[in-house]
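In the block that follows, a single chain appears as structure tokens, in the form predicted alone.
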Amino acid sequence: MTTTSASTASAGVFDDITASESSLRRFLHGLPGVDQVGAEARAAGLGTRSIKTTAKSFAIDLAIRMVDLTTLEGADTHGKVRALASKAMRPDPADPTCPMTAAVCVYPDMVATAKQTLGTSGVHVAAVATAFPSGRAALDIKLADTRDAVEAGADEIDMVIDRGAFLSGRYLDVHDEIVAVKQACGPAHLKVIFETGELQTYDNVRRASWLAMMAGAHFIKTSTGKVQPAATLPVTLVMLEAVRDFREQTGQMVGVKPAGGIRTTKDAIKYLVMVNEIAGPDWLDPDWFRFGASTLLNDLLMQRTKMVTGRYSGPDYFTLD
């Protein structure tokens, strides 16, 4: 079966399912239920796997390449964004062999600053949109927010779903909004944020995953980082199972992005082991797996320095984000 991204999905593949609220509900509620105990036990088991030195070095560099270096604070300044973008291009100024991060993730009004600083480096600019983090705005405002970010130079848009609509069972409204935002993205890739800490059950996480993929998401993302719990291993396991099953059924690959609360190299490696075991090695690539993080990068850099030099750098050796 040929593997493609969701953006190249054949038109009309899910037309029958999304033709009405009732048919979409039947499909989503007909998905296999998640065994909560089993999912949590498997995630815990995968989290105990150890990897050897060479593999660990590879995993650290891969994790760095997968980071969406993020600042999403009301106090963000253009200077802070420029500094963050510079760090994304040269995470360790003392070591030119250190890879760049995947992207810099900012609010829409900071996109132009990030884009100007990053230039042709290859580091993408991701922008949160659609009334992030609440998602509580009219559709026309969400679409304008998205278009503004893309016009400013965003390569990727991270949107939030309407959790109220989803939890109320208005699945078609959520689906159609994702479709509309994707259209507003134009050439930019679309990541769809579920805010899994508010979805209440693993079954809802699985349903949201399929709903977003059917609507054409390029990535599905756990969280905004503003609500706890954010990313967890069991939630990410359920999402990885969903993208794996979606590819088996359609031939289309969709990426996964856990975000919020992933702070250490040990945590990042647990996620990479899970990606390999659940979805498969095709997802071990920044095009298909990302970490939404701000503090993770510094720990990755400290561990990388330890492996190269045999000693740890102090926590103040790398710039704080």
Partner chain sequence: MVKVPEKATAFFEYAPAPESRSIVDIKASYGLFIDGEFVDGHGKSFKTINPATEEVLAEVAEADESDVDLAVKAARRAYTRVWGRMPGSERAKYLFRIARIIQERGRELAVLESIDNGKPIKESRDVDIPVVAAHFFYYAGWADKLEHAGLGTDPRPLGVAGQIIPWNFPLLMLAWKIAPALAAGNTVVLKPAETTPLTALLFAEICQQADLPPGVVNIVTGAGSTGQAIVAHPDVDKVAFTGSTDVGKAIARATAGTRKKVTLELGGKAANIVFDDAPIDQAVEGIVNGIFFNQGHVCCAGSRLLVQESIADEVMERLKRRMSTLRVGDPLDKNTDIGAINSAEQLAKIRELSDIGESEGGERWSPACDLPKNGFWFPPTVFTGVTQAHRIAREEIFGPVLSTLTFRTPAEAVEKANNTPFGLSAGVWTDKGSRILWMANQLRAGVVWANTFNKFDPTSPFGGYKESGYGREGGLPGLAAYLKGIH
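Numbering follows the first chain given and starts at 1. Computed from a predicted model, the values in this text were never measured in an experiment.
The same protein also exists as the form predicted together with the partner chain; that form is not shown, yet it is the one meant from here on.
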Study note, to complete from the structure: Interface check vs the partner chain in the predicted bound form: of Arg244, Arg170, His78, Lys226, the one with a heavy atom inside 4.5 Å is Arg244
Practice item. Answer yes if any heavy atom of Gln183 is within 4.5 Å of a heavy atom of the partner chain in the predicted bound form; otherwise answer no. Key: no
Practice item. Using the partner position in the predicted bound form, report whether Asp267 sits within 4.5 Å of the partner chain, counting heavy atoms only. Key: no
**Study point:** Touches the partner chain in the predicted bound form: Gln200 (any heavy atom, 4.5 Å)
**Key:** no
Review point. In the predicted bound form, does Arg49 have a heavy atom within 4.5 Å of the partner chain?
Key: yes
Practice item. Kindly indicate whether Arg65, Leu272 and Asp287 are, all three, within 4.5 angstroms of the partner chain in the predicted bound form, using heavy atoms. Key: yes
Practice item. Enumerate the residues of 50-70 that have a non-hydrogen atom within 4.5 Å of the partner chain in the predicted bound form, in sequence order, or give none. Key: Ser50, Ile51, Lys52, Thr53, Thr54, Ala55, Ser57, Phe58, Ala59, Asp61, Arg65
